[in-house]
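Let's start with one chain on its own, the form predicted on its own, as structure tokens.
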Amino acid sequence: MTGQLDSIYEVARRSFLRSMRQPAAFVPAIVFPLFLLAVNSAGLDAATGIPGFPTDSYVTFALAIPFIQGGTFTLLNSGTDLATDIETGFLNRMAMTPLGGPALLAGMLGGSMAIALIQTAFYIAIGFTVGADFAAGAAGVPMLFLLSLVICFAFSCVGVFTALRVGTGEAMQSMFPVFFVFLFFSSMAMPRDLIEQDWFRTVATINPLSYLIEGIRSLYVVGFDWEALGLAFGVSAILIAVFLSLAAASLRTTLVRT
């Protein structure tokens, strides 16, 4: 057991340091969501005047976007790193060691979560720096940390599974527009009940990202909205259960022992 834990730690450490040594992959994951926040806040600030809009500060409303978009970058980075390991034969070399598939998965996901922890702390600090409201108060900060990390873990599971299926870093990078489209067809820019186009509101309601966004947003705008938080944690749990199971099954066929 101690040997397995040490191996998981080393895989997680490798994954974390690998990301930190590639600023071109790590820095955009933190900075780019802030540009999107600034653009949305400047362009859509007038939306706060719509009757029924939940807050008079669009920055407060839009602060959920960096958390989700940061999770999307976590998905792509973890998936691309794994796909590169498949291409270079590193995964095959791991098959010759006592390290099992579950331990390998745990290590890779652990490295991703270390990056997610940095992202989450940064976005929370930015929120307080720009003077956004935080209705949940000091007690809501641990909840925000927990929810953000759970969401990032769910996205990392999606990324690992996708990498195991596509098998190359180029193919993994080409998935970025697909994941980004899901973000735009969600409730990121407007509450679902204020979306006038029926088809868009229907798509946003079906889109699981809407519930993740609304869970984080509720802490800023409402406080402890247990329905929104429950849906966010519930959707994350479903994503984790489905894609972690699929990733484990895919890894059994990819990690061929020799």
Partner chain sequence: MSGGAGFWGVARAVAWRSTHNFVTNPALVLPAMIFPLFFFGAFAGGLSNIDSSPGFDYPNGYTAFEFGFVLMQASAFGGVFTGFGIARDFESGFGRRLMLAAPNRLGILGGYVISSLIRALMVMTLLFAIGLLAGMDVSSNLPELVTLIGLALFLNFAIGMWAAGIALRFRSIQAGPLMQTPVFLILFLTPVYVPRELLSSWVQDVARFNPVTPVIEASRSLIAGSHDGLLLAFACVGALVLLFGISAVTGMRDAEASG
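Predicted, not measured: the structure shown is a model, and the values here were computed from it. Residue numbers count along the first chain shown, from 1.
The form predicted in complex with its partner chain is left out here; the points below concern that form.
Please name which of the stretches 107-115, 129-137, 143-151, 180-188 has residues with heavy atoms lying within 4.5 Å of its partner chain in the predicted complex.
Looking at the partner contacts, the answer comes out as 180-188.
Although its partner chain is absent from this view, report whether Phe224 comes within 4.5 Å of it in the predicted complex, heavy atoms only.
Heavy-atom contact with its partner chain at 4.5 Å: absent for Phe224.
Contact of Ala46 with its partner chain in the predicted complex (heavy atom, 4.5 Å):
Ala46: yes, in contact with its partner chain in the predicted complex.
Evaluate Ala38 for contact with its partner chain in the predicted complex, applying a 4.5 angstroms cut-off between non-hydrogen atoms, and reply yes or no.
Ala38: yes, in contact with its partner chain in the predicted complex.
Ala228 within 4.5 Å of its partner chain in the predicted complex, heavy atoms
Because no heavy atom of Ala228 falls inside 4.5 Å of its partner chain in the predicted complex, the answer is no.
Scan 194-213 and write down, in order along the chain, each residue with a heavy atom lying within 4.5 Å of its partner chain in the predicted complex.
Read in sequence order, the residues that approach its partner chain (within 4.5 Å, in the predicted complex) are Leu194, Ile195, Glu196, Gln197, Trp199, Phe200.
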